[in-house]
Structures are given as C-alpha cells and as structure tokens.
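Just the one chain here, laid out as structure tokens, in the form predicted on its own.
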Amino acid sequence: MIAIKDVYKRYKTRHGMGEMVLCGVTVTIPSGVNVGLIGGNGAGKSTLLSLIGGVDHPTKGTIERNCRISWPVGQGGLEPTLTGRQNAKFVCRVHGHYDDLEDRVAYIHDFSELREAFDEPIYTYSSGMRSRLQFSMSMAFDFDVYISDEVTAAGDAAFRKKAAASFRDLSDRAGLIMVAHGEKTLKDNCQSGIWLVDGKAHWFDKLDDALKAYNEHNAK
C-alpha cells in the first residue's frame, strides 16, 4: 500500500518559487493494483510519479511506502564513459546482488538485445539503445510496485512490444503505476486510475471511469 497524505509540490525557478504543481493530494493506492495516472500536460503526472518513487520529495506532506518500489522503469542515470556491462554491474552491486551478479548481468544483456554493444561505452549508444538498457536494468530486480513514465514509447517498435508484454507479465507478482498518453496503453496495463486536475487527485476504482471524467472535463 502507498499512502499519499496532503502532498504539495512546488518547484523553484530562476525568479523564485513557481506555482504549485500539486495542491493537497491525498490518495491511497492499494497493493497489487495497476494504476494509470491521467491528466493533461502540466497536470503533475510525472511529478507525482517521481514523488512516489522517491526520486523527488514533497514541498509539504508525506508519502508512506509499505512496499518495495522501483525507480521509474526505463529511466535512471547511466555513466556515459562506462560500458553497458559495467553500468549493469554497478547497479547490481548497489542493490546488494553480489552472489548472483553474473546471472543478473546476463539477464540484462539478453533482454536488452544489445549484443556486442553491451561492451561499448554508453556515449556511443543511440537513444533507443540507452532506453533498452535502462528498461532491462529495471526489469532485472524484483519490486512490489513498478513505476513507469511513458516507457512503452521508448525504443524501436519491436522493443516497445516487448516492454508492453513485460508489463503484462508483471501483473501476477507486482503492481504497476503508469503514466502514458495513449489510452490503449493504459487500458492494456491498468485496472484503476488517478485523474490529476487543478493540482488535485481523484481516485477511480475503474480506469474507464477515470478516462471518462478526464474526457468529459476536456470537452467542456
């Protein structure tokens, strides 16, 4: 379970403090539920996802995480001067996987389909290659909840299909909190929805109800 309690978020700008992105968001995400974050551009979807994942911190309020949560799937820093293999080993060690390090690195190598490029420096990678490595590294670890920000839009068509299939396979063992602009992607992966509008969050047990509220609001 993830409990978001009276969360506010405001970013600093060159001119001081900007407007509030999130204004008193309170919502509880049950365990084992796949949730789609819905809202227009600038509604705070990626912001809320980063706060849930611990990548960023609220200006005010608290987030209680009674589960193991991933970093945003398909994202995360890569050291450009190191090879894909070296980056994979570093992340495995950070997560305490010393005994099975070689097995996890082999999984990342195989899943990413980078072949010989796995042993080349990251600065030689295309954006698609980086996306494949980052996604594969995310999937190499077991979490209770995976969080994803538009990852199914990354990489080439074949890898996007593979990423989508991986999310479907997660449903038996983990939850998913996803941001995606395509309704089909949300419907394929999520059962429930959180609609963000005017800095507030509205929970819907059924994703279709969240999408309906969002579309009706936009039609006004």
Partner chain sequence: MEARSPLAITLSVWRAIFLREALDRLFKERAAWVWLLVEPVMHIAFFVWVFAVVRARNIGGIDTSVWIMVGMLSFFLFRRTAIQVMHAPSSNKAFFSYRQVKPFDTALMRGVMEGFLMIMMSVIVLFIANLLGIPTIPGDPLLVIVTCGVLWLYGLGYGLVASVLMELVPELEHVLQILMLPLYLISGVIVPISSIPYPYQDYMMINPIAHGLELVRQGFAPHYHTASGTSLGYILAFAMTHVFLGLLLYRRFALRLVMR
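Positions refer to the first chain, counted from 1. Since this is a predicted model, take the numbers as computed values, not measurements.
Not pictured, yet referred to below: the form predicted in complex with the partner chain.
Q: Which of these residues, Gly182, Gly54, Pro30, Gly40, gets a heavy atom within 4.5 Å of the partner chain in the predicted complex?
A: Result of the distance check: Gly54.
Q: Heavy atom within 4.5 Å of the partner chain in the predicted complex: which of Lys161, Lys60, Arg173, Arg68 fits that? Just give me the one.
A: None of the others qualify; the residue that does is Arg68.
Q: Would Met129 sit within 4.5 Å of the partner chain in the predicted complex, counting heavy atoms only?
A: No, Met129 sits far enough from the partner chain in the predicted complex that none of its heavy atoms falls within 4.5 Å.
Q: Is it the case that Lys206, even though its partner is missing from this view, gets within 4.5 Å of the partner chain in the predicted complex, heavy atoms only?
A: Judged by the heavy-atom cut-off of 4.5 Å, Lys206 is well away from the partner chain in the predicted complex.
Q: Can Lys212 be called a contact residue for the partner chain in the predicted complex at 4.5 Å between heavy atoms?
A: It does not: once the partner chain is placed as it appears in the predicted complex, Lys212 has no heavy atom within 4.5 Å of it.
Q: Taking any heavy atom pair closer than or equal to 4.5 Å as contact, tell me whether Ala140 reaches the partner chain in the predicted complex.
A: No, Ala140 sits far enough from the partner chain in the predicted complex that none of its heavy atoms falls within 4.5 Å.
Q: Just to make sure I understand: among 1-37, which residues lie within 4.5 Å of the partner chain in the predicted complex, judging by heavy atoms?
A: If the 4.5 Å heavy-atom criterion is applied to the partner chain in the predicted complex, 1-37 yields Tyr11, Lys12.
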